[in-house]
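Listed next as structure tokens is one chain, alone, in the form predicted on its own.
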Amino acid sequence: MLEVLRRSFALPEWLTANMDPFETLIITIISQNTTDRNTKRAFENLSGKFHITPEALANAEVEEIERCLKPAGLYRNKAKVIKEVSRIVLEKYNGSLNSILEKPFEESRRMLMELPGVGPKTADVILLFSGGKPTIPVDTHVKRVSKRLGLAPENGGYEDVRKALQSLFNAGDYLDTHILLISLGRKYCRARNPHCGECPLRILCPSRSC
């Protein structure tokens, strides 16, 4: 499946496992419950007005952060979370998440999930993209595609899907797997009216409708 997906989708040029962890945290908080397009607009607004550092965002007026985040929806709540998590990272971790990412995986994950606005998916995104840790973040696309392909339990929750995928793919392929399953979900394996006839994995998919 991974070989077929690699032939079908171009991996983005920015794809790397050493993105700035704090910037990754802020982008992921902004992205919650909104589209990539709106996330991009909101982050561009925010980064155009502030340096994306714990110090700058902790000291910013929450109303100014709100104005930047309006395109992403739920902007009042996200602005409060961003200001608060910036304060905590600044005061408790000396302005850097590196000390967390240097810990063993489970400890790093637990510490990240103690931060405001950080659930399992956000923690896994930071761990994978900024820490190079062996995990596969599960968003709505990854969950849907994995279940339709029979890679994860039909009634499985977040952890069930994540662990099922990680048992099937090599750790060195986790980053590609995450991105490629999202690409498949966006283009072909949509929640409504999936394009099964055009899907590159149609022959391998037990859920195909045609």
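Just count from 1 along the sequence shown to find any residue number. Because the structure is predicted, anything quoted here is derived from the model rather than measured.
There is another form of the same protein, the form predicted in complex with the DNA; it is not shown, and what comes next is about it.
Trainee: Of these, 161-169, 48-56, 146-154, 31-39, which stretch puts a heavy atom within 4.5 angstroms of the DNA in the predicted complex?
Mentor: Correct option: 31-39.
Trainee: Using 4.5 Å between non-hydrogen atoms, is residue 73 touching the DNA in the predicted complex?
Mentor: Residue 73: yes, in contact with the DNA in the predicted complex.
Trainee: Is it the case that residue 111, even though its partner is missing from this view, gets within 4.5 Å of the DNA in the predicted complex, heavy atoms only?
Mentor: Output for residue 111 is no: heavy atoms all beyond 4.5 Å of the DNA.
Trainee: So in the predicted complex, is the DNA close enough to residue 91 to count as touching (4.5 Å, heavy atoms)?
Mentor: No.
Trainee: If we define contact as a non-hydrogen atom of the residue within 4.5 angstroms of the partner, is residue 107 a contact of the DNA in the predicted complex?
Mentor: Residue-level check for residue 107: no, no contact with the DNA.
Trainee: Output the sequence-ordered list of residues from 109-124 with at least one heavy atom within 4.5 Å of the DNA in the predicted complex.
Mentor: Contacting residues: 115, 116, 117, 118, 119, 120, 121, 122.
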